[in-house]
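Before any questions on binding or motion, here is one chain by itself as structure tokens, the form predicted on its own.
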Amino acid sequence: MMAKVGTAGFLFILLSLGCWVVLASSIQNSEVIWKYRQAFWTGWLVTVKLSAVALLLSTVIGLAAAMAKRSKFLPVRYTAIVYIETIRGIPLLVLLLFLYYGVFNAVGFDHRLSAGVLILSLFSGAYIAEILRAGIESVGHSQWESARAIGLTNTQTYTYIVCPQALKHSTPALAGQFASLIKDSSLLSILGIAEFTFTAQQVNSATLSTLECYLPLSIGYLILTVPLSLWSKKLENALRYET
């Protein structure tokens, strides 16, 4: 087990479990968690689903924006630059309020879940674009020249030469961004989306049992983010080769 997960990851899991045992033993109203278990479970599943969709969509947006920023066609390049710099300069909370209550409501779009996922994807996509662009540009110029010298097309160069090396360089930053996206999904609670954080807030309002409500909330997010970090470390090791 330790060989697969790594010593640090294994110790982190043990520490998390130990904290859970200590805190759980000190809770006086632990029946609150059990009474509202279905609500917590449903909210957690909503977070998993919307995070999965946002991860996929933000990756597509980020890749498109990264390629657009490298385009030689100036309107495409400057559009990508404006998008990336604008999104990166606005806090997610402000972006959610502005786009949903301002722009989306003005055009009559009122599907909260779809709007929340789209805004979250646009926000994360800007950061992913910069991560991927940096990874692509980290590939040495000689690699591009060698690919052209052996007759590879631009698509083949990206597929077989550039992307594997760019992915190797970008993996740690991408893993961090994916984990941030999952955690940032908690802000969708301000839109009234019944995800994990919103559910915990509702249960807390009904029971006034703050620790009992927010402890499973913390554990639930750890369950999502820790395996992602461990998987990225494994992928990083798999991609470790001389270039």
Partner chain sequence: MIVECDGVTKSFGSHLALREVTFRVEFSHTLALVGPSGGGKSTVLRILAGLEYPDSGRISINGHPLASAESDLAAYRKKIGVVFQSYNLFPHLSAADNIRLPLEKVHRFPDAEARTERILERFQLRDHGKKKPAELSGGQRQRVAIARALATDPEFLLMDEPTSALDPEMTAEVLDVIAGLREARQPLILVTHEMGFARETADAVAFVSEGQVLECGPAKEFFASPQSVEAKRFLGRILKY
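Numbering follows the first chain given and starts at 1. Note that the structure is predicted; figures quoted are calculated from it, not measured.
As for the form predicted in complex with its partner chain, it is not shown, yet the points below apply to it.
Proximity to its partner chain in the predicted bound form, defined as a heavy atom within 4.5 Å, singles out one entry of 150, 103, 94, 76, which is 150. A heavy atom within 4.5 Å of its partner chain in the predicted bound form is found for exactly one of 146, 86, 138, 114: 146. Residue contact check for residue 90: none of its heavy atoms lie within 4.5 Å of its partner chain in the predicted bound form. When contacts are judged by a 4.5 Å heavy atom cut-off, residue 71 does not count as touching its partner chain in the predicted bound form. Among residues of the shown chain, residue 167 is not one whose heavy atoms approach its partner chain to within 4.5 Å in the predicted bound form. Contact annotation for residue 160: at least one heavy atom lies within 4.5 Å of its partner chain in the predicted bound form. Here the chain stands by itself, but in the predicted bound form one stretch of 129 to 137, 104 to 112, 77 to 85, 150 to 158, 150 to 158, has heavy atoms within 4.5 Å of its partner chain.
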